[in-house]
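Okay, so here's just one chain, in structure tokens, the form predicted on its own.
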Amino acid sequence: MKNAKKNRPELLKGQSEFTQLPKNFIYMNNGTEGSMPGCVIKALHKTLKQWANNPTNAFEIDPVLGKRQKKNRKAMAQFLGVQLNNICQTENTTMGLNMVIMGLDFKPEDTLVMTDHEHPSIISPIWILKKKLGLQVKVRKFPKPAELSKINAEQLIDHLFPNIPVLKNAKALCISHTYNTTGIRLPLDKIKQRADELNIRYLIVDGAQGMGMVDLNKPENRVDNCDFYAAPTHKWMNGPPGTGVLYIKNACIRPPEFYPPLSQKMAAYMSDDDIQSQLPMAEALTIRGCSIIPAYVAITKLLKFFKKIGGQEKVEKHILGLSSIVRDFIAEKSPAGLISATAPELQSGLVSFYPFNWEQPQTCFKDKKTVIGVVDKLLEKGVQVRYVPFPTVDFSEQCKLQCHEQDSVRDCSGEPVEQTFAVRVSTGYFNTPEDVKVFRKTLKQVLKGLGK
């Protein structure tokens, strides 16, 4: 960690709370894990002690720490602009997506639509249903990276989900709010409109790269555009590890439409005679044995922190403003290297690009070894970003399955599938313009050594 932050500009409100990040280390990997402000760490310590003092009472009857989590779920519902019984607390996005995809009553004749850039959190349960039930899966391919930086939202939606017979009447459309590969952010209101035009029953959204990055009160980001929206609070929100949320639009959803795993309350739904025992589905899913409830309580402190620093709109403006500086820097130096979109409605806090030769910026490097080398050299100099692969998923011929490590894609024979790799930069709320300045300077040093 050789680069120290010098002459740092005035801190934004709340940035001084992120005291656990070393002062000589620039962390730009919020898309993988966030940090935590001091007020959340303090709240987590306090609630852990409360739990340890009387665990049984905490879990069974405490109004804040108790298993039903109504107070904390209500706070999250207010943050998202929805109702208490739309909200289930989870450990992460993967858990929420698996609850949904494995819980819905899919039949072999049903069709599910997804893209070829989905995260393993979506791919894995869909692959299971395809192998187990014979579910029909239609994979829509993103435009090539060279086209993405120039495309707008309407063009992208028409490309991914055109109004064609093969997509009509599908049971579900599974997408990401923001793609962890390219940083492309889909406008959920327009996606919902297209799904309705295609008569698609469920819109299931991976919100891992949305919540805490963008203002979820804006029409294009609202979770109630979706039937299900799964998100973490440990990434862009900067909450404790192992915390997340699942939004369920239909608060009255029941079997046989929905048989969700990970709940100890489903037996009550099996008989109309036991109607009095049926909790709202979101609450039934929250009660699933002992989970990290002290961390859920700390999330309520995090929601107050968001309000204190100016709310979601201000956070989005800051994060997207910093990412725009990064994006413009790459676009100006190496247009061929930029992957992330330049259209404002598709932008996010993630910027992906191919490393390039500084002296010959039209020469880009897309292989795994070179890209990882760039990421490692940046880290040696005190700047942390990450690399991302561009997965190829095709269920139509040989079901190709993305590996858990997200390093490679293999088909059913185990042979690798060709793909490219890119550098991804995530600018968090705690980052500053000075951080971005140091990143640009450090990246220039690293890229000058490429191709020699």
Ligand SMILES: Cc1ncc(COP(=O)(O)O)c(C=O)c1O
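In this text, residue numbers run from 1 along the sequence as written. This is a predicted model, so every value here is computed, not measured.
The same protein has a further form, the form predicted in complex with the named molecule, not shown here; the description that follows concerns it.
In the predicted complex, does Lys192 have a heavy atom within 4.5 Å of the named molecule? No, Lys192 stays farther than 4.5 Å from the named molecule in the predicted complex.
Determine whether any heavy atom of His119 comes within 4.5 Å of a heavy atom of the named molecule in the predicted complex, and answer yes or no. Result yes; His119 sits at the interface with the named molecule in the predicted complex.
Should Gln209 be classed as touching the named molecule in the predicted complex when contacts are defined as heavy atoms within 4.5 Å? Heavy-atom contact with the named molecule at 4.5 Å: present for Gln209.
In the predicted complex, does Asn92 come within 4.5 Å of the named molecule, counting heavy atoms only? Yes, Asn92 lies within 4.5 Å of the named molecule in the predicted complex.
Given the stretches 248-256, 319-327, 201-209, 364-372, which is the single one in contact with the named molecule in the predicted complex, using a heavy atom cutoff of 4.5 Å? Of the stretches listed, the one contacting the partner is 201-209.
Honest question, do Gly183, Ser352 and Pro389 all end up within 4.5 Å of the named molecule in the predicted complex by heavy atom distance? Not a single listed residue reaches the named molecule in the predicted complex, so no.
Identify, from the list Gly337, Pro240, Pro260, Pro232, the residue with a heavy atom within 4.5 Å of the named molecule in the predicted complex. Of the listed residues, the single hit is Pro232.
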